[in-house]
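Next up is one chain by itself, shown in structure tokens, the form predicted alone.
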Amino acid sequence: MIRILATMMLCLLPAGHVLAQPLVIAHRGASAYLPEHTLPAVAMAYAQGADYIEQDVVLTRDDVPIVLHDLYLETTTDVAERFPGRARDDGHYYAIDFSLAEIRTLRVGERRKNGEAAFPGRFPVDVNILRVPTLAEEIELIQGLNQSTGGDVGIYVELKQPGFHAAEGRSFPASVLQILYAYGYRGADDRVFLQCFDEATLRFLKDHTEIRLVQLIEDKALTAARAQQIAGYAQGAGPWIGFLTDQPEFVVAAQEAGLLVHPFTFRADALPRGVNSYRALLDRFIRNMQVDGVFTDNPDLTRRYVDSLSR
């Protein structure tokens, strides 16, 4: 029954009803157009109308939070050329093995997979002219743009693999909270979310911060019981769109439990099987499922779609 309600909700809306606007969350910045997690990608996402901009965070050797999707550096930087021989036995160049000063010497380009562009047709993979920002630098850019434009764009921080950092002897959540608090992000009313795949980390954060927490989900366990469990320690759920497509009733269950639902990741150049356009993808999740926000590589397309809902 819940599945039927979830998929038919749009049809039951009264004539003239306006859907509540979901959040446009820029996934790694405007990553469809510029290399991910770079300051230009942040600026473009801001200009394209994102409500929030995501920061994946890891630590350097000297405990500085930097914005990087992976624990390691070689998929988006020239670290192998600049620091040959610094890889671990598994072949990866881990950010935590490099000081901030060393990481500042690296050049960032488009994400690569097996040496080729992960997303062909995006920014040229052989143009490496950008740099890895710190979390503080990215916040300063966003807050600076808020001041100069009168905007109110928020930040959406992900703690990447806290278990790995703990095994390395680091106080990862504490290092990130220190930065957030220094820039005024302290409570549930601030324009900030903290997300993580690790439930234990989120439960720890529940007792140590008032910042809103989001449980990322990449498994098929999208049940009402799971939603109730998450609501005990977080304010939101971030399921992968592939599993949410098959279980749209989770949106209803999560929202009834008091959770926001922010699925990931929406890409105009990597549509799910059976979806023939980016608009159709947004229709499925925003108009039909009525999620509360979407993580997108295309903030511009998503902004235009969301704004069209209120016309």
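Remember, it's a predicted structure, so these values are computed and weren't measured experimentally. The first residue of the shown sequence is 1; numbering continues from there.
The same protein also has a form predicted in complex with a small molecule, omitted here; what follows describes it.
Chemist: Which one, 190-198, 177-185, 134-142, 120-128, holds residues whose non-hydrogen atoms are within 4.5 Å of the small molecule in the predicted bound form?
Modeler: After filtering at 4.5 Å, what remains is 190-198.
Chemist: Answer for Leu216 alone: is it within 4.5 Å of the small molecule in the predicted bound form, judged on heavy atom distances?
Modeler: Yes, Leu216 sits close enough to the small molecule in the predicted bound form that at least one of its heavy atoms falls within 4.5 Å.
Chemist: Classify Glu110 as contacting or not contacting the small molecule in the predicted bound form by the rule of any non-hydrogen atom within 4.5 angstroms, answering yes or no.
Modeler: Outside the cut-off, so no.
Chemist: Please run the contact check for Lys160 against the small molecule in the predicted bound form: heavy atoms, 4.5 angstroms, yes or no?
Modeler: Within the cut-off, so yes.
Chemist: Can you check whether Asp51 is within 4.5 Å of the small molecule in the predicted bound form, heavy atom basis?
Modeler: Asp51 lies outside the contact set for the small molecule.
Chemist: Which one of Phe243, Tyr33, Phe264, Tyr278 is close to the small molecule in the predicted bound form, taking close to mean a heavy atom within 4.5 Å?
Modeler: For this set of options, the contacting one is Phe264.
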